[in-house]
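One chain comes next, on its own, written out as structure tokens in the form predicted alone.
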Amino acid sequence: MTEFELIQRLIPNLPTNASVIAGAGHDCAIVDIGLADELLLLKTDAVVEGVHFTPETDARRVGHKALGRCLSDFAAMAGTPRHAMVTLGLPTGFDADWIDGLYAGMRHLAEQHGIAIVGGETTRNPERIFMSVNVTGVLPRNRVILRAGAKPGDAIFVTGELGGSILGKHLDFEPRLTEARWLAENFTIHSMMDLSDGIAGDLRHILQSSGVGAELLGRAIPISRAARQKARASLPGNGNLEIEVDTSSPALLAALTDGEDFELLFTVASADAVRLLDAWKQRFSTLKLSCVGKITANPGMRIQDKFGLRPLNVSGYTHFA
């Protein structure tokens, strides 16, 4: 059973009430607690030694990642995080200096975004470090963006470059909070999420939630330098070989399937695409924005590459697979 099969098994039996606008299965939960102009956002995420970082990883980078994962999900909803709580599971004989570094990494990122860390829990966890971060924040009532709003004809966009995060970005990424709020304030965003498991997997969540399909343009996928380095390292003796951009290419495959890019994936009406690109270049001149395809009425996911238009049969990262 995969991670997503387990989630779908659990969701139907979760209790809910009238205050829940969006619950399990979304990047953040959205709850109405009676505020005049705002809704409450709730998110929790975990990092585990041996899964999300190694024992040799710099503690500050682990702290940045632990909080940053939640903030990336807030970006997916164009929300504003306010408060965080931390649950920390530690083995016997833990290094207190390492834990100081862990919190220093969280504190630095929290201060950048005006977030207060207001408590949490500590417990013993045999063999490895486990850390769960819970973040609460707010969202304007008139700007709810879910995965389920994609429409046929929409343009599909991604921020930044994709793939090769294992070479460092998975620890040092910047949550796209400012960019997401700017998008929501200036354009009608039909659907949005963050890229934590690779576009080949994450886009499928939007398609399934919206009841639509997609066509990607292989040559438009923004492949990171790290993904190309990773691809070259996997091909013995290729030197400066220019890798073809198709789904048999290790570089494109990495861009499609590598997890933990933490970029934004969103859809807008195609009529807004050119205006969006022009406005983006003026507002965020150092961050790439790429139109990588379109939403279709036909279900499924296809890619246009040197072999023509064909089904995209690869998927992103999943736990338990």
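A residue's number is simply how far along the shown sequence it sits, counting from 1. Being a predicted model, the structure only gives us computed values, none of them experimental.
The form predicted together with another copy of the chain is left out here; the points below concern that form.
- Item | Exercise: L289 in contact with another copy of the chain in the predicted bound form, heavy atom 4.5 Å | Result no; L289 lies far from another copy of the chain in the predicted bound form.
- Does another copy of the chain come within 4.5 Å of any heavy atom of T44 in the predicted bound form? Answer yes; at least one heavy atom of T44 falls within 4.5 Å of another copy of the chain in the predicted bound form.
- Query: Might T122 be said to contact another copy of the chain in the predicted bound form, defining contact as any heavy atom within 4.5 Å?
  - Reply: Looking in the predicted bound form, residue contacts with another copy of the chain include T122, since a heavy atom lies within 4.5 Å.
- Message: With a cut-off of 4.5 Å between heavy atoms, is D100 one of the residues that contacts another copy of the chain in the predicted bound form?
- Response: So D100 counts as contacting another copy of the chain.
- Sort through A59, A279, L253, V31 and report the residue having a heavy atom within 4.5 Å of another copy of the chain in the predicted bound form. Spelling it out, the residue with a heavy atom inside the cut-off is V31.
- Task: Could you check which residue among A220, A116, A233, I166 gets a heavy atom within 4.5 Å of another copy of the chain in the predicted bound form?
- Result: Among A220, A116, A233, I166, a heavy atom within 4.5 Å of another copy of the chain in the predicted bound form occurs only for A116.
- Message: Is it the case in the predicted bound form that W182, S270 and R275 each bring at least one heavy atom within 4.5 Å of another copy of the chain?
- Response: Judged in the predicted bound form, none of W182, S270 and R275 sits within 4.5 Å of another copy of the chain.
- Message: Please pick out the stretch from 172-180, 79-87, 203-211, 152-160 that is in contact with another copy of the chain in the predicted bound form, where contact means heavy atoms within 4.5 Å.
- Response: Flagged stretch: 79-87.
- Query: Going through 124-146 from first to last, which residues have a non-hydrogen atom within 4.5 Å of another copy of the chain in the predicted bound form?
  - Reply: R124, N125, P126, E127, R128, F130, S132, N134, T136, in sequence order.
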